[in-house]
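Okay, so here's just one chain, in structure tokens, the form predicted alone.
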Amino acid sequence: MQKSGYFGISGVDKIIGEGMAYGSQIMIRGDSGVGKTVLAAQFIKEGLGCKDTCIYVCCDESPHAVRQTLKQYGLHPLPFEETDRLVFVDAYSLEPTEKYHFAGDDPLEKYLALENRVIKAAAGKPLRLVVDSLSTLLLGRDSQEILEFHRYRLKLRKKEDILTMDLIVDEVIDDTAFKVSSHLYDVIVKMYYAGSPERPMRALHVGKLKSGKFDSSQLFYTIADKIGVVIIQELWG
């Protein structure tokens, strides 16, 4: 029986139902500060808990900062790094010290070659891949280049049965680039601020792109220390 993957967030996993097949592509999109990296940390924690090997590509902050985030939400990365169950790729630092690193202004072909190399080193194991955030790598590139990169990369990851999560910052990637790439993903989680400016609330929608639209549920959530994203209310519309 084929293994299925989950986010590790009960209200979100309820919508996913029987889980996501390995080889699925997930887009997490939203504004800065809404909790995308926290959700990614829970996704990694869930993966390590079910014996997956996890790769985390750090584009918006250093691997050190991401390690601190993982610790804040209940995961101590060092034991998993020592056994190669958790691997960091540094696509952020000007003077990287990680084994795997990438200069953000290099061609996308060079990034893809690096991603392939990291994945090859973990071949034969159930894999989760997080890129935080992919929009930073795509910044300043035209829509056609982005689409070609996406098509080829995601086709490879599907063929390799890798559960891939790409984080996208809404204000970084333009609407055209988003539209030409979003249809390539199996699942999109849109995270945003709802409510009034005086009382903003974090909310999300889970979309199954193969169905052509987002699920009808709006999930309100908070971010709790040592846990992460916690669903606090569901409104069915």
Ligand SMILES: Nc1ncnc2c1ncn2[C@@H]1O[C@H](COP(=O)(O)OP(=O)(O)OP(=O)(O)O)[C@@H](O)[C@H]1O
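Note that the structure is predicted; figures quoted are calculated from it, not measured. Position 1 is the first residue in the sequence shown; the rest follow in order.
The following text describes the form predicted together with the ligand, which does not appear among the structures shown.
Participant: When the ligand is placed as it is in the predicted bound form, are Phe7, Val89 and Val131 each within 4.5 Å of it, taking any non-hydrogen atom of the residue?
Facilitator: No: no residue has a heavy atom within 4.5 Å of the partner.
Participant: Could you work out which of Tyr111, Phe80, Tyr73, Phe149 is the residue within 4.5 angstroms of the ligand in the predicted bound form, going by heavy atoms?
Facilitator: So the residue touching the ligand in the predicted bound form, by this definition, is Tyr73.
Participant: Counting non-hydrogen atoms within 4.5 angstroms of the ligand in the predicted bound form, say which of Ile44, Ile26, Val34, Val66 makes the cut.
Facilitator: For this set of options, the contacting one is Val34.
Participant: Would Ala224 count as a contact of the ligand in the predicted bound form, using a 4.5 angstroms cut-off between non-hydrogen atoms?
Facilitator: Yes, Ala224 lies within 4.5 Å of the ligand in the predicted bound form.
Participant: Report yes if any heavy atom of Val38 sits within 4.5 Å of a heavy atom of the ligand in the predicted bound form; otherwise report no.
Facilitator: Yes - in the predicted bound form, heavy atoms of Val38 and the ligand come within 4.5 Å of each other.
Participant: Although the partner isn't part of this model, could you tell me whether Arg202 comes within 4.5 Å of the ligand in the predicted bound form, counting any heavy atom of the residue?
Facilitator: Residue-level check for Arg202: yes, a contact with the ligand.
Participant: So in the predicted bound form, does any heavy atom of Val187 sit within 4.5 Å of the ligand?
Facilitator: Although the ligand is absent here, Val187 would stay clear of it in the predicted bound form, with no heavy atoms inside 4.5 Å.
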